[in-house]
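Only one chain is shown below, in structure tokens, and it's the form predicted alone.
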């Protein structure tokens, strides 16, 4: 049972960065913007969070630095796509390439150095409950924050006027503009929210999941987060299921390597990406489900009337 508890705890920590990055990107795409730079914003959040914590000794400052790094990178993306109206897909890919190179350059002196780790919460009596205490009441603060964000985004998008405006901009930016809404401003704010979540996801990797900086430590998680949004058909509550499903696949691949079943390690390492491709293929075959929630203006450029 102890072994099962340890596996579940590891699955939760592996799923959290996927959940954080995906829920942020979902809001961005709901506004009609496709940001393929999630991987880049995550890796910048990871390196900046680690460096800030290393110099200040404060994990709180590290988390703040990770968020700010993600927001700054998202503002660069927003400036290019919303102000200068560049192609969103090409800009997102360029942002990822830029951030991967920049993070490697900035983080080179810190590679492999030990860092501080976000502490797990301890609630007297509750955390001590056998088997489930640590799983439910003994996680670090960002795990609970990621869960809160899912329900917060679900509520805002479908129960508030703000969410209605975001969805209106994503479904028909021309109509939203005609009604008097500032489409560019709404999209900028959504892009910044997505950047903050991606930066926080990266910070979680270097401050909680593996408390150190390693070049390219995101290892494709940003791309999986992008796929998760499609997997969840742009519905926040499904993001939660998808993130933990992919986190389970990720950890079980490592677990199988550890117990030595004779399966090639290369195949097990590729398992999360294989599952991602299979999931996308299955979802893409259901055209009705995909079209039902896909923002109609996703990836389309918008130039307001002058």
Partner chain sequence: MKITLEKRAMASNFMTYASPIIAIGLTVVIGGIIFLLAGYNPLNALYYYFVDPVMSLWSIEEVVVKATPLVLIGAGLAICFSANIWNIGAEGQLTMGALAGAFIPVMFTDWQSPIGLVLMLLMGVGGGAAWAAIAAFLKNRFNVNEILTSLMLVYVAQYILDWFVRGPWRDPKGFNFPKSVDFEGWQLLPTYGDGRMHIGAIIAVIVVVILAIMMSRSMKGFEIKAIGNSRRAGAFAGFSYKSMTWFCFLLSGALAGLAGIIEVAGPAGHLQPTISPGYGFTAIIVAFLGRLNPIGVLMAGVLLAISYLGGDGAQMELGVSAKTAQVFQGMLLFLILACDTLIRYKIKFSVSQKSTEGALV
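From a predicted model like this one, the values you see are computed outputs, not experimental measurements. Positions refer to the first chain, counted from 1.
The next section is about a form of this same protein that is not shown, the form predicted together with the partner chain.
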Partner-free chain; cross-checking the partner chain in the predicted bound form, the single residue of 101, 119, 112, 130 with a heavy atom within 4.5 Å is 101
Of 151, 125, 84, 144, the only residue with a heavy atom within 4.5 Å of the partner chain in the predicted bound form is 84
Mark residue 223 yes when one of its heavy atoms lies within 4.5 Å of a heavy atom of the partner chain in the predicted bound form, and no otherwise.
-> yes
Next item on the list: Report yes if any heavy atom of residue 273 sits within 4.5 Å of a heavy atom of the partner chain in the predicted bound form; otherwise report no.
Entry: yes
- Message: How about residue 36 - does it come within 4.5 Å of the partner chain in the predicted bound form, if we only consider non-hydrogen atoms?
- Response: yes
Is the gap between residue 280 and the partner chain in the predicted bound form 4.5 Å or less for some heavy atom pair?
yes
Counting only non-hydrogen atoms, the one stretch of 136 to 144, 157 to 165, 197 to 205, 73 to 81 within 4.5 angstroms of the partner chain in the predicted bound form is 73 to 81
Is it the case in the predicted bound form that 95, 185 and 227 each bring at least one heavy atom within 4.5 Å of the partner chain? yes
